[in-house]
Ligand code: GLU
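Before any questions on how it binds or moves, here is one chain, the form predicted alone, in structure tokens.
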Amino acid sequence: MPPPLVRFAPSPTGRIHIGNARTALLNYVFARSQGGGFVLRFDDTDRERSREEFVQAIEVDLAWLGIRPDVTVRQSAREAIYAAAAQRLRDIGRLYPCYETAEELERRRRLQQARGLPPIYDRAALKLAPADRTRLEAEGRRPHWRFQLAPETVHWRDLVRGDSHIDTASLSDPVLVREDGSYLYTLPSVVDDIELDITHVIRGEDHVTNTAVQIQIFKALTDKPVPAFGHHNLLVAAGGEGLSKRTGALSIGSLRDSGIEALAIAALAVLTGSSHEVHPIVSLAELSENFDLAHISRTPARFDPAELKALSQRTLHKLDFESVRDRLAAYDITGFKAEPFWLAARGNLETLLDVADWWRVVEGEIEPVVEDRAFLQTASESLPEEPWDETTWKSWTSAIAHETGRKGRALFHPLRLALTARETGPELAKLLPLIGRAKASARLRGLAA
């Protein structure tokens, strides 16, 4: 068996959101778990709504999530291929012209519903004589083109849902080509899957019905094996309602700007709504280990922004220095102190943006909070000479305790306020050597340093 080749196919009519990212990540992790490839395909045949700015934004968002495509294609550059496929379908009698207006079709649907019939297309266009078509075109009508479905029950083994089937008799013949000659989603999608040798199509369960149609088109166009299909559950809000994407708050760009970690989005997107517990990860490779689409539940996957925020914090706390070195450098956190600083501070961060505040405590100037000046004077006089390490804090505070008789909060709280100007924070045993004797002495004496 060749390694799998999957595709993620966003329309560049807006930014991708957490739901799109879920599909992209499931495809990417599945492919990487089996040594396969990932195609990024921009479905940009909608000329009016597709924007280059969204193409670039989607590429940036995917790269930030850790998704690096092996191949990138645009449907707008492949229209000659779709035209050839449409002609092949015409030649074999599976693509036929229809002249009804939208209003006429709506009127028929209502009539069918009133009669208790399923509101599917009645194939009236197939009964038109050549003279009728000539007359309609002379009136200025241009046809849209429908694919004639074969009357059968289409079966497939879904990678998520198991044995699945759709009776095509319950479906309308789908429109593949609009009156203006442009293509709806279905035909280019199938043609690309054929031409690019896509082996697995992994997408949301809202596409289940489309699968029967696409399998028939696929078989009409080629003798190649039909791809395996997998339809994952959709993300819903914590209360079970559909996710609202209108505000843009769930776009990947907005989540990134709010300080959410990319790996937290990946973990939540892949693991939520599955048999696995959602937990922090340190790489997409970790997600790929033992990944199995069959572990995805059939019930909706609930998305809670509060859970994502908490997961992001837990993710940040697990990251080693090498994985954040370049990001810290963006805050001018470099040099020999950078790694011990990260190891000291990471457990107290809500987002990486917080490192700037703690770096200022170490390398910048702060205004100390003086709670007990006499006590701090004694503490300053007890400061040992450098070099300092993580044992310095214990030996120093033991000496202060012996000198003053203080212990617990009365001993430690005034020292933390003076040294960091904060009520809480990283372990001072780790922070003190980074602050250094000169700054510590000045702050204990109430001086900004």
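When you see a residue number, it is the position in the sequence shown, counting from 1. As the structure is a prediction and not an experimental result, all values here were calculated from the model.
The next section is about a form of this same protein that is not shown, the form predicted together with this ligand.
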| property | result |
| --- | --- |
| Contact check for 367, 439 and 441 against this ligand in the predicted complex, heavy atom at 4.5 Å | no |
| Contact segment among 376-384, 420-428, 37-45, 395-403, judged by heavy atoms lying within 4.5 Å of this ligand in the predicted complex | 37-45 |
| Interface residue in the predicted complex among 207, 178, 279, 219, criterion: non-hydrogen atom within 4.5 angstroms of this ligand | 207 |
| Listed residue that, although this ligand is not shown, lies within 4.5 Å of it in the predicted complex (heavy atoms), from 82, 291, 185, 359 | 185 |
| Residue contact check: residue 203 to this ligand in the predicted complex, 4.5 Å heavy atom | yes |
| Any non-hydrogen atom of residue 189 within 4.5 angstroms of this ligand in the predicted complex | yes |
| is_contact(residue 18, this ligand) in the predicted complex, heavy atom dist at most 4.5 Å | no |
| In the predicted complex, residue 9 touching this ligand (heavy atom, 4.5 Å) | yes |
